[in-house]
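As a starting point, one isolated chain is supplied in structure tokens, in the form predicted on its own.
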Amino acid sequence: MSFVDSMNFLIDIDKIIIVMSGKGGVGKSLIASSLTIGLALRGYSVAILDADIHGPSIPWIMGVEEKHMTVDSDGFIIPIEIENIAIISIELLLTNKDMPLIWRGPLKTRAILELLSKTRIGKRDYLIIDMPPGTGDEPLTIAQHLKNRIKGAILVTTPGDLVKHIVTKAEAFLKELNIPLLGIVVNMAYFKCPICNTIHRLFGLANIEHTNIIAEIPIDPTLAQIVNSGKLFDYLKGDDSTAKLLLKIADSIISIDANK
């Protein structure tokens, strides 16, 4: 089966959204997971693909790191399913999850395309793709193969002038491929003192022009503990102020869809 033929598996996906960043370490996987969970909590059927081969985080954030995807008799991958969410990651195919994947670019891009084309995702309202950081081989391959299906992109960043420069590069990447930028999420935007409620912008302002910032997520020690324990789904069901901000990302996407 060719890649083009096997991409018919994605025919039942209504909308594909990519979550990307110009650089690593900005919390992109947290935002991708929060968007996925938020959509599921709003009643949508969602799949999430962890396309970061070297630093897969989605299984850990979603609390399924000990599970393994299986392969059916026809050679197709069966994703892990929780709470109306299908989770796909190469991490979930490894028997030894402590071993690094020491792969060059062509092998990584092939692996990502195999995950996309040979996983029984089923009928879904949304497929969220947690992209590898940057604008290199893997993001380019995904964007080029799926660009006619991608509804848009969410760009994750942190505050500061240096990051502003990197955001500009990522925006140019999307523009070159004719992928709409749905909005920007600024992670680690500020710290709110739990005693006096004063807001401290530790990394400066989110000095980003001509863009739609859909959410600013604070530095929150509670959220860090939640992510480390794989309890994000339960956390986003609660009433915490940071949880509400993370859910705002899904609500923004739903609102964009409703207005088109």
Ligand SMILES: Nc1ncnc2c1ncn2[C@@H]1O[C@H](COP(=O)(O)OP(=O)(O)OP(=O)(O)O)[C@@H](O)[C@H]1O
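What you see is a predicted model; the values in this text were computed from it and never measured. One rule holds for the numbers: they count along the sequence shown, beginning at 1.
This next part talks about the form predicted together with the ligand, which is not shown.
Remark: of stretches 34 to 42, 192 to 200, 222 to 230, 66 to 74, the one touching the ligand in the predicted complex is 222 to 230 (heavy atom within 4.5 Å). Note on contacts: among 119, 135, 109, 187, the single residue with a heavy atom within 4.5 Å of the ligand in the predicted complex is 187. Checked against the ligand in the predicted complex, the candidates 46, 62, 49, 217 yield a single residue with a heavy atom inside 4.5 Å, and that residue is 217. Interface membership of residue 55, defined by any non-hydrogen atom within 4.5 Å of the ligand in the predicted complex, is confirmed. Along 20 to 52, these residues reach a heavy atom to within 4.5 Å of the ligand in the predicted complex: 24, 25, 26, 27, 28, 29, 30, 52.
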